[in-house]
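Below sits a lone chain in structure tokens, taken as the form predicted on its own.
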């Protein structure tokens, strides 16, 4: 099946790029960039690429000035080269997340026929029905919702597309299946496409460092390309410190908590900072933990804004609801059962050895992450008092 060229302009990650626009995709990277800069206005190329990187650095969820033309294909391929030589996981994840969100917002407005064509181009087995078919009923309290869709997707293709998605509702056991095909609504189908787009930009470095450095040295000899690279590198160095999750937080007494988080929290926050997918359990844990410390709602929501499937309205509701219900974080025992305990990995002394209790005149183990915070704060306060006494 030959796909419309306009679709490739819109979605340059489609496999048909290699056949329909083979004169572009098959070129040597250096020659491709040289010809691109000779063919198109350099300032336009630079502006499009910098707009995307700056939006990612500012943690925006969308850019308005998306142009689906032939230059869009060139910019996408240059983008992949830039991510390759930048060799920075945090930058790559942020760009991939933003780019995939842009794709989602474009795809959600496409007609069913185009969505079907895209899945055919990806060589995925999908069934489309002109008349929606009913496949179930969702009952919430006293409300009934008839579940219907125009799409079904082959079960193995569904599993392949959801492999990196960790939401419980995407598990096969939670979806309707008939004759080897999963019933799926259009918005969820497009969410799978979004994840496909995101993964296309997550570059796995298979070559050794020397090969990467040699390629980088050669391509940076191209003056105009180097100009774009240098601007991105410079702006990232200014922003990088802001992305280091210190999570400054005060108790009502004014005590700062950023250095008092247990390793399980620091590890999960680091994954969020890098734009990695978090499991449902990890998300709940962070929300409940930070809510317990009276962390500002908007700050908690912004933590999740780096994730591929972030929805601000939905996340705000969930954070607010958890606060209202007064959910407390998982205990250490629960964290261990969920494989979220990072004590051994980070060789955390307090987690591994516990603390001495004067009340019991014995060594006691840490049983809850909030206890970890309190003990850390106590020790910090105690050291400060001793230090003040020595000064006086």
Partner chain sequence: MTDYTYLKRLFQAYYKKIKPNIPVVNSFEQREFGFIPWDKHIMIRHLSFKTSEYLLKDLIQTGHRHVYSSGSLYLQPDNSDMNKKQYIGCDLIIDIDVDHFYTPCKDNHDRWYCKECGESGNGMPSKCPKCKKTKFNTLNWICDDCLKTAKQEIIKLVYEFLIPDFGIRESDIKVAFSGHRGYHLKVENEKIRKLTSEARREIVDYVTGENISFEILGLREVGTNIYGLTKRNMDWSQKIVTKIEDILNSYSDIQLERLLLKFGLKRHIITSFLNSKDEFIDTISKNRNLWIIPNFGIATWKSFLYGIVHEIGAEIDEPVTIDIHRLIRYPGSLHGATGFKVQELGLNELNSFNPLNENNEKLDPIVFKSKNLQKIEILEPFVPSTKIAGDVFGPFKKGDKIEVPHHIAVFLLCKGVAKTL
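So that the term is clear: the rigid core is the largest set of C-alpha atoms that superpose within 1.5 Å between two forms. Positions refer to the first chain, counted from 1. Values in this document were obtained by computation on a predicted structure and should not be read as measured data.
Although not depicted, the form predicted in complex with the partner chain is the subject of the following passage.
Asker: Heavy atoms within 4.5 Å of the partner chain in the predicted complex: which of the stretches 285-293, 155-163, 209-217, 189-197 has them?
Answerer: It is the stretch 155-163.
Asker: From the list 298, 227, 112, 144, which entry has a heavy atom within 4.5 Å of the partner chain in the predicted complex?
Answerer: So the residue touching the partner chain in the predicted complex, by this definition, is 144.
Asker: Quick one: of 233, 148, 311, 138, which gets a non-hydrogen atom within 4.5 angstroms of the partner chain in the predicted complex?
Answerer: Answer to the contact question: 138.
Asker: Give a yes or no for residue 180: in the predicted complex, does one of its heavy atoms lie within 4.5 Å of a heavy atom belonging to the partner chain?
Answerer: Yes.
Asker: Does any part of residue 125 reach within 4.5 Å of the partner chain in the predicted complex? Heavy atoms only, please.
Answerer: Although the partner chain is absent here, residue 125 would touch it in the predicted complex, with heavy atoms inside 4.5 Å.
Asker: Wondering, does residue 89 line up within 4.5 Å of the partner chain in the predicted complex on heavy atoms?
Answerer: No - in the predicted complex, heavy atoms of residue 89 and the partner chain never come within 4.5 Å of each other.
Asker: How about residue 174 - does it come within 4.5 Å of the partner chain in the predicted complex, if we only consider non-hydrogen atoms?
Answerer: Yes.
Asker: Using the arrangement in the predicted complex, list in sequence order the residues of 269-302 with any heavy atom within 4.5 angstroms of the partner chain.
Answerer: The stretch 269-302, when checked against the partner chain in the predicted complex, contributes only 279 at the 4.5 Å heavy-atom cut-off.
Asker: Aligning on the rigid core, do we see the C-alpha of residue 129 shift 2 angstroms or more between the shown form and the other one?
Answerer: After core superposition, the displacement of the residue 129 C-alpha between the shown form and the other one stays below 2 Å, so no.
Asker: Using the rigid core as the reference frame, would you say residue 76 shifts its C-alpha by 2 Å or more between the shown form and the other one?
Answerer: No.
Asker: Tell me whether residue 53 is among the residues that move between the shown form and the other one (Cα shift of 2 angstroms or more, core superposed).
Answerer: Residue 53 C-alpha, core-superposed: shift of less than 2 Å.
Asker: Would you mind telling me if residue 105 and residue 317 are closer or farther apart in the predicted complex than in the shown form, C-alpha to C-alpha, with a 3 Å or larger change?
Answerer: It is farther: the C-alpha separation of residue 105 and residue 317 rises by at least 3 Å in the predicted complex.
Asker: Closer or farther: how do the Cα atoms of residue 321 and residue 173 compare in the predicted complex versus the shown form, where the change is at least 3 Å?
Answerer: Distance between the C-alphas of residue 321 and residue 173: shorter in the predicted complex, by 3 Å or more.
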